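There is one chain below, alone, in structure tokens, taken in the form predicted alone.
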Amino acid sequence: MAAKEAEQTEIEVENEELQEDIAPGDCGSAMLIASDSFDSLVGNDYETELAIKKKKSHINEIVRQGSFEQEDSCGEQADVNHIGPYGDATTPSASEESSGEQSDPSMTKELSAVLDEISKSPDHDDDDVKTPEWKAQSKHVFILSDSGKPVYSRYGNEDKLVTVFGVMQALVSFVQDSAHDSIRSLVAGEHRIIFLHHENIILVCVTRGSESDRLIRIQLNYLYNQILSVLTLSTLKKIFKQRRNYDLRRQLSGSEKFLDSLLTMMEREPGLLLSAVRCLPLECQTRDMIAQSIVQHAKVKDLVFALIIANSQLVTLVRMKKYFLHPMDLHIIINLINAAESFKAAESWTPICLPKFDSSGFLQAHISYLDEACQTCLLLLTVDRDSFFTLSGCKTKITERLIKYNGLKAISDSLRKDSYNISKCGISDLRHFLYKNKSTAQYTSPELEAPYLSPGEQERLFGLYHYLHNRIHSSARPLKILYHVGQYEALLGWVTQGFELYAVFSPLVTKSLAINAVNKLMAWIRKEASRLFILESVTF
């Protein structure tokens, strides 16, 4: 998108021209794990599993400290025929990431022979591949097991795409067997094919878009963690240890909507790009009152996290001492709420694995809405599987206090305002921005206004952020500050140890005007920080 625009200019800006100070939104004790944009991805291939194996089980630790014993708390005894928790009603530079790409002519010739042999197989009728609608999609995502069994396809029916899944598995196996390496990406015409290989699971994205390979791998890692949130890593490994050819769709039956929703969320939510969470703008006193309502009326010994989410924005988070949430886990929680309409009908009780918190076991989630419009959702996460009615009583008391002190009204009023207008910043020619505080893993941005009202323009704007983000974070040549002039916008990206800022201006803004505007914007964010961010970490 932005990379192809005519008459572009890029200038690396000197640090002295921007007034770097303490990052707006900093706080003494954060509630989320501090992260950089690419911290969501530990590494490629099996590095994620190796890191997980070395990490102790938080759930087991909490259970041991509690007053009861919880059998199978980490899913070790799970039956491979068990239905998943949600299954029922209840372009980078040439030097970037080149490892594993097919550049050896002899290997390419052998690989072509393998693919030709697969394509000649008469055993499969891939009807979906032949349809114009399927071919017209700009981004496909496939998930399969190591043995080539289909798990998920974003478009089409997996049973009608068996040959496609076979090609994916053949590509991975061929590189492993012939080159003793892991395939990471390859180019086929106007398409790029990006692979992420976890133990037992292969995730593949085929795209014509401008997202970097690195960013796509993070998106694939989100999908992998979404699967773990349904099964846990322990269960996943046990399943494939018992039966290598197991059809994982049996376990994930009914949870495909969560993968669909997560992919849609990736296209619209900047938080997944930034590895950060957006907070609902609220006055500091109101937010403190909401948090204290939870502290006072959710005094349950084994309650680990309590949070309120309103329209995908975090209102408050109260946590057990010593334990923190990762932004990726919080995004999975938000996706769970957005994708499951059934939660709006009544109070719900469902297990959920938060892979970054503890990939080996489930937390039990009490999920309920506090208002008739079903905008404000309360989640109480515990290790005790028998505390539904106790937490239901806590929910009632919390709701009563929020009504008494107008907490629900304040949340509703803030939602009705649709965040805030860019005009509130008082900076001419500034069209939009994304600001992330790294230490708190929280971000803020104004609502979208003209010229970004149509879906096409919003997609183009998101593409601009992808481009600027990738240039700043390029593994070949990372930058701290970049000023970019395109055909329709001028962009400025600025990354420090404390924050990330990406700003979009009208195309005639000069470098000096953009720098002055960004300095003013930082001052405005600092002034509004107590309303835009959660600045205190509240614990039980």
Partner chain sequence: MATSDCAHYIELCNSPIKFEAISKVTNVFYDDANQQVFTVRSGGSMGVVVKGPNDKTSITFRMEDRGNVSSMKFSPDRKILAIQRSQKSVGRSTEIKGFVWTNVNEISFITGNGVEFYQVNPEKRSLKNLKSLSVSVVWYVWMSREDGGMLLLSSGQLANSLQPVYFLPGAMLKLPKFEVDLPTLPKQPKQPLMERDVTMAYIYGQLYIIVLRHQPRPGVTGAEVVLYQVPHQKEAPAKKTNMLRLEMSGRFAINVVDSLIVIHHQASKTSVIFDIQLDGESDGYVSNHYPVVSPLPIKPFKMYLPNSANWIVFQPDIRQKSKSVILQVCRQMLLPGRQSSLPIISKVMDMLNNGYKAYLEAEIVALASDSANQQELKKRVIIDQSDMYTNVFDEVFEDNEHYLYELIINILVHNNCFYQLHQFLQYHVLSDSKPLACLMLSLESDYPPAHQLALDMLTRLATANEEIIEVLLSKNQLLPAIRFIRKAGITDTVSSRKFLEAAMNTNDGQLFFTVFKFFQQRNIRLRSSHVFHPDALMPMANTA
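Because the structure is predicted, anything quoted here is derived from the model rather than measured. Positions refer to the first chain, counted from 1.
Same protein, other form: the form predicted together with the partner chain, not shown, and the subject of what follows.
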With heavy atoms only and a cut-off of 4.5 Å, decide whether residue 472 touches the partner chain in the predicted complex. no
Answer with yes or no whether residue 506 is in contact with the partner chain in the predicted complex, where contact means some heavy atom within 4.5 Å. yes
Touches the partner chain in the predicted complex: residue 214 (any heavy atom, 4.5 Å): no
Flag residue 60 as yes or no: does it have a non-hydrogen atom within 4.5 angstroms of any non-hydrogen atom of the partner chain in the predicted complex? no
Sort through 326-334, 141-149, 423-431, 273-281 and report the only stretch with a non-hydrogen atom within 4.5 Å of the partner chain in the predicted complex. 423-431
If the cut-off is 4.5 angstroms on heavy atoms, which of these, 481, 501, 485, 34, is the one near the partner chain in the predicted complex? 485
Counting only non-hydrogen atoms and a 4.5 Å cut-off, give the residues of 450-466 close to the partner chain in the predicted complex. 450, 451, 452, 457, 460
